[in-house]
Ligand SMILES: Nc1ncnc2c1ncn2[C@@H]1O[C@H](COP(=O)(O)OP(=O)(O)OP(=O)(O)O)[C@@H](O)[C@H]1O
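Shown here is one chain on its own, the form predicted on its own, set out as structure tokens.
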């Protein structure tokens, strides 16, 4: 098995402005939804910050002075805000989910169409399992980034800023005490980020290797069984699968350390707030409702910081996925239609004129092959396995281009004919018949008529 592992390593940073700019082009057609989602995030942040403050006011203005009317008014306002928040959350969630799905649909269609145009030489160099990973997992990672990732980061930044402002307004001393824990949280974040980067690189790398190995084994199952290699292939798969498991396990260990570390920082901050804030309440310098609202803000203050760390993994994976997907999209078609195509003769003389060809640009499979097949003439190519019979058919079908020389049909070089038009003139019965999913009739229709009514297989 060819080891493609090195091609799936993740390099670079978690945020790449060049890649992000290119990715945002796929979100641009839906800029209205994106703008509305950002506005809703602002409103949801405002509603979230208003909640604890209303609870504090209810205690200080309603419960403590025993004013039921004020208590009822604040309660109704609080309930109204929560109902609005619920509705906005639903709309925002729907917008982001639909946006992510539309972007993934568009991008997946573009990649699939591009793959359909690539020559067999491209698929010789790229295992099917890895290409499937690009069209599924990698595009899914980009969908997560463009839908929930970016908006979530914007929301978290809004929320952190709003909480800081709200705490400074309530009590500057307690606000500074809470904010002083940010450097410690950032230190934990940096340590965690460095460890997670390596773990995530291994996960993506080993997943691609796992998919490629599965595809190769399933495709070669006949050879595996006839040579009784099931146990050996299973042992090798176990080793690859275990490497994938270990990479995930490593990431889980880092998460299990990071989340409690942030929780401990949060608990220490809350403990200090209870001590100093409670003392201020006892001395009468602040009201009880203010302290309760402040503690509520502080409890939620570390949540967005932790969430930003989670989004770092999304950005890390998405940037790596974008690099690999754009590498496919940026791979030019090595077999292109001519700018000024000529019409393919309906049936005519076929000439191989001094044709040389190699699959890997190193070993020549065909060396100076020349022959002529007259119109209406029946010719059989006979030779040992590997002698070049299939290669000649592949070159005539223009699945590959000749290295040197030319192939002519009635004097027209096949490189000057559109590929679809050329293949409409060909009828091929493959040695190994491939059946697509579906019934027999659908497969007969597929093989019976291509674009324009000509045979395609």
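Positions refer to the first chain, counted from 1. Note that the coordinates shown come from a computational prediction; the quantities given were computed from them, not determined experimentally.
Omitted from view is the form predicted together with the named molecule, to which the following refers.
Checking 416, 424, 391, 45 for any heavy atom within 4.5 Å of the named molecule in the predicted complex turns up a single hit: 391. Of the listed positions (387, 368, 140, 87), a single one reaches within 4.5 angstroms of the named molecule by any non-hydrogen atom in the predicted complex, namely 387.
In the predicted complex, none of the heavy atoms of residue 310 sits within 4.5 Å of a heavy atom of the named molecule.
Within 4.5 Å of some heavy atom of the named molecule in the predicted complex lies at least one heavy atom of residue 431. Taking the partner from the other structure, the named molecule in the predicted complex has no heavy atom within 4.5 Å of any heavy atom of residue 399. Using a 4.5 Å cutoff between non-hydrogen atoms, residue 249 does not count as a contact of the named molecule in the predicted complex. With the named molecule left out of view, the stretch that reaches within 4.5 Å of it through heavy atoms in the predicted complex is, among 357-365, 157-165, 224-232, 322-330, 357-365. In this stretch, 114-149, the one residue having a heavy atom within 4.5 Å of the named molecule in the predicted complex is 124; the partner itself is omitted from this view.
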